[in-house]
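To begin, one chain is listed below as structure tokens, in the form predicted on its own.
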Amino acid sequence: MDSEAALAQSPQVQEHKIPKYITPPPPFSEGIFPCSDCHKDLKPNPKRRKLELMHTDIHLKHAGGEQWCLDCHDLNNRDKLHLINGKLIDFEEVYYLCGQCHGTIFRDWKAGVHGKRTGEWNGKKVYRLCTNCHNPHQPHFKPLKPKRPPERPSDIK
């Protein structure tokens, strides 16, 4: 079975009748996924708090600091994300999660105006995930320091 056929048969696509886009794997930090490897023996704690034991390198700067881990990550199944309506999705479907708040960007992404896609002009396409370009915890790009302009040949001595 090729990957496209496997995606069409995934439980999320079958259950929610939503289109499935072919995407590259999410850019997980090495050794961090599946999340259940570490969380399987931990009691879920839904309370908002400063993380002090693990994930201390994550500085959540999304939606003016109003976001919390469990707004996107599922409390009971750490290998899944969840939508506002409670539906669980895989990390490869993060565009549905992002699209809940960023609807116009999601529309542009589907049309190929926002983000990157590769493939055939009238055939299969691979859509880069939101998280392939944006850090989901700090989605705004950091400013770049401009480089000096090149020297004019007439100024080179």
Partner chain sequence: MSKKQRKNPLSLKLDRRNFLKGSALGLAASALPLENADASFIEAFFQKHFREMNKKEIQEVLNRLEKEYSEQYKKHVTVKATKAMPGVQFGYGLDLSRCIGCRRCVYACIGENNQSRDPQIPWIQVLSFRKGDKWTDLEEADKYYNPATVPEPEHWYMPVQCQQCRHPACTRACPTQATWKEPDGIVVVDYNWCIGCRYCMAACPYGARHFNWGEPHIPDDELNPVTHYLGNRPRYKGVVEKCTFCIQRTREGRYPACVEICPVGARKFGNLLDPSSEIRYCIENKRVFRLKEELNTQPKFYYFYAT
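Every value quoted in this text rests on a predicted model; they were computed, and no experiment measured them. Positions refer to the first chain, counted from 1.
The discussion below concerns the form predicted together with its partner chain, not included here.
In terms of contact with its partner chain in the predicted complex, the residue from Ala111, Met54, Cys38, Ala63 that brings a heavy atom within 4.5 Å is Ala111. Residues placing heavy atoms within 4.5 Å of its partner chain in the predicted complex fall in a single listed stretch, namely 122-130, out of 44-52, 86-94, 122-130, 30-38. Taking the partner from the other structure, its partner chain in the predicted complex has a heavy atom within 4.5 Å of a heavy atom of Lys116. Interface residue remark: Cys69 is not counted as part of the site for its partner chain in the predicted complex, having no heavy atom within 4.5 Å.
Using a 4.5 angstroms threshold between heavy atoms, Ile58 stays clear of its partner chain in the predicted complex. Contacts with its partner chain in the predicted complex, taken as any heavy atom within 4.5 Å, map within 116-151 to Lys116, Arg117, Thr118, Gly119, Glu120, Trp121, Asn122, Lys125, Phe141, Pro143, Leu144, Lys145, Pro146, Lys147, Arg148, Pro149, Pro150, Glu151.
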